[in-house]
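One chain comes next, on its own, written out as structure tokens in the form predicted on its own.
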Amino acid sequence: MTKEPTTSVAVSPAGEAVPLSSRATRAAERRAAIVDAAMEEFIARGFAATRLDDIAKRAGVAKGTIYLHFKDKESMFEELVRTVIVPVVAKLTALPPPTGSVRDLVEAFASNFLKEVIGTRRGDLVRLIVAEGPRFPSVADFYYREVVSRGIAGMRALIELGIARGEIRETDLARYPQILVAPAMIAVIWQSLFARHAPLDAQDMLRVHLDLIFGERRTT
């Protein structure tokens, strides 16, 4: 009697369960190990100084194995962005129309973003892009397409809804949705540069920022 190959289940980008053969499972595990190792190396050394040899050593695979999954260092970095950063921003574009106030929805998303980015490897990755993006335009371009443009579109839609509902009086804010998410970027950069000198309460800064845009919350 022939033994059936063992299978396991992976999750597709759409969130669907996908059965994998044992060979596919091992390949997926190696790919994940390579991506994890790449993140550690990129954060520790920077994009320019990271070598595929170092990634392979950290991942416990041969250098040639990397080329079975990625054509070069840049495609590996893009995979990192897709798996680590894009899902956080995707939550914004997937938000349902608010049943409460627009401010509540913005505050909930921004608070969750701060929690998932500040002090985490995601934050380290964002800071790496800010630091090295000017030297590697293709990396910055990819990050803009996959992350920044989606975030801006989502924020603009919420701002326009807030204006239509009368929650936001400054209509020009829709032209500059970057203003709405400015505290998040400030917090990410501040954390790495100045936190040891002047710790920043990012959540409270967010509250003050939203008060300026929506007006202070009324207490009963």
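In case it trips you up, residue 1 is the first one in the sequence shown, and so on. Just so it is clear, the model here is predicted, and its values are computed rather than measured.
One more form of this protein should be noted, the form predicted in complex with a further copy of the same chain, which is absent from this view; the next part is about it.
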| query | finding |
| --- | --- |
| 4.5 Å heavy atom contact, residue 158 to a further copy of the same chain in the model of the complex | no |
| Close approach of residue 109 to a further copy of the same chain in the model of the complex, 4.5 Å, heavy atom | no |
| Residue contact check: residue 53 to a further copy of the same chain in the model of the complex, 4.5 Å heavy atom | no |
| Residue 170: touches a further copy of the same chain in the model of the complex, heavy atom cutoff 4.5 angstroms | yes |
| Residue among 62, 68, 193, 164 with a heavy atom within 4.5 Å of a further copy of the same chain in the model of the complex | 193 |
| Residues from 166-196 in contact with a further copy of the same chain (non-hydrogen atom within 4.5 Å) in the model of the complex | 170, 172, 173, 175, 176, 178, 179, 182, 183, 185, 186, 189, 190, 193, 194 |
